[in-house]
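Just one chain is shown here, as structure tokens, and it is the form predicted on its own.
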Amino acid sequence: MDKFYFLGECMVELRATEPSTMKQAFAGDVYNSAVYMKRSFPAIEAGMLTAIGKDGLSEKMLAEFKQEGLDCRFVFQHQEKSPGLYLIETDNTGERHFTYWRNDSAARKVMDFISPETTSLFTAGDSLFFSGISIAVLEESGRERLWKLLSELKTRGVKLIFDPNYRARLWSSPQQAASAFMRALELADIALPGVEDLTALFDIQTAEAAIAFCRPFNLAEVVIKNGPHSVVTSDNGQIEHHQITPVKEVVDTTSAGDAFNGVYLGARANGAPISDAVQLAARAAGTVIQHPGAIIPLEPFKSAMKSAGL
């Protein structure tokens, strides 16, 4: 089976469990997707493409990658940098607020480690998943090298998968982000945008308008996530609307879209039709938001996915 690689940043997550107590974990949008893909489809080879440090937390992070069954051949260790960190706080509806410390993280330097030898290890049929956050956290020189890498991988037959995942604070302006996202969409084979990401940058208000926005790009598959309301997909121009049953008890919405991405892509790689892949992915997202933190305990996740038919 072909391989999936997830390009981006994994961070140290801190979450309050009591007023004066913090729980530490590891999370990041592309990492979360990789974990939930691998948990749902163990036969798929999924790995991270990132940079961490050589400090104690980095070593624990690397051990966590391996424990989750992820391929670590493209996990590079910077001699001087360490991972970024964020604090997550949630309100009584499960909506989250983040405080970040990531300006000098090792992941910002990941493109420094990419060599022709690294690129040669990708083969036709592999997939590379990246997000708006993957682009945003890079230094400016790293972004230029990223475009060259993506172009080269595309010519090698690697499938490129993009989720805009817009975070305004990571960009110097909305225009800078919009320009980068347009460039990413021009290269991508599959896109998984959320309506709210496109609303912020392109004034797109509906899933139908999002499908129309994506039409000029050479995208084989488009998945428009519209929160708990619905999912609209386009497969080589064939549009489908998929109804989603919202979760009533929301604890923490962190990682909902990430879980959806990982399980959807895994299901499609496993031969599932789009409608089945959407429902499995929605079940994953609905399960994750009923637990605190980005990466929930293994057993409740696997139990929920088993009941969904995996």
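Only a predicted model underlies this, so the values are computations on that prediction, with no experimental measurement involved. Each residue number is its position in the shown sequence, starting from 1.
A second form of this protein, the form predicted together with adenosine-5'-diphosphate, is not displayed here; the remarks below concern that form.
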query	finding
Candidate stretches 225-233, 205-213, 181-189, 122-130, one within 4.5 Å of adenosine-5'-diphosphate in the predicted complex by heavy atom	225-233
Three-residue site P116, L149 and V158 fully in contact with adenosine-5'-diphosphate in the predicted complex at 4.5 Å by heavy atom	no
Position in contact with adenosine-5'-diphosphate when the complex is considered in the predicted complex, options I244, I44, A272, L62, heavy atoms within 4.5 Å	I244
Of A282, L49, A267, V30, the one that lies within 4.5 Å of adenosine-5'-diphosphate in the predicted complex (heavy atoms)	A282
In the predicted complex, V250 touching adenosine-5'-diphosphate (heavy atom, 4.5 Å)	yes
Partner proximity in the predicted complex: M11 to adenosine-5'-diphosphate, non-hydrogen atom cutoff 4.5 Å	no
Y36 within 4.5 Å of adenosine-5'-diphosphate in the predicted complex, heavy atoms	no
Partner proximity in the predicted complex: I289 to adenosine-5'-diphosphate, non-hydrogen atom cutoff 4.5 Å	yes
Heavy atom contacts to adenosine-5'-diphosphate in the predicted complex at 4.5 Å, residues of 129-167 in sequence order	N165
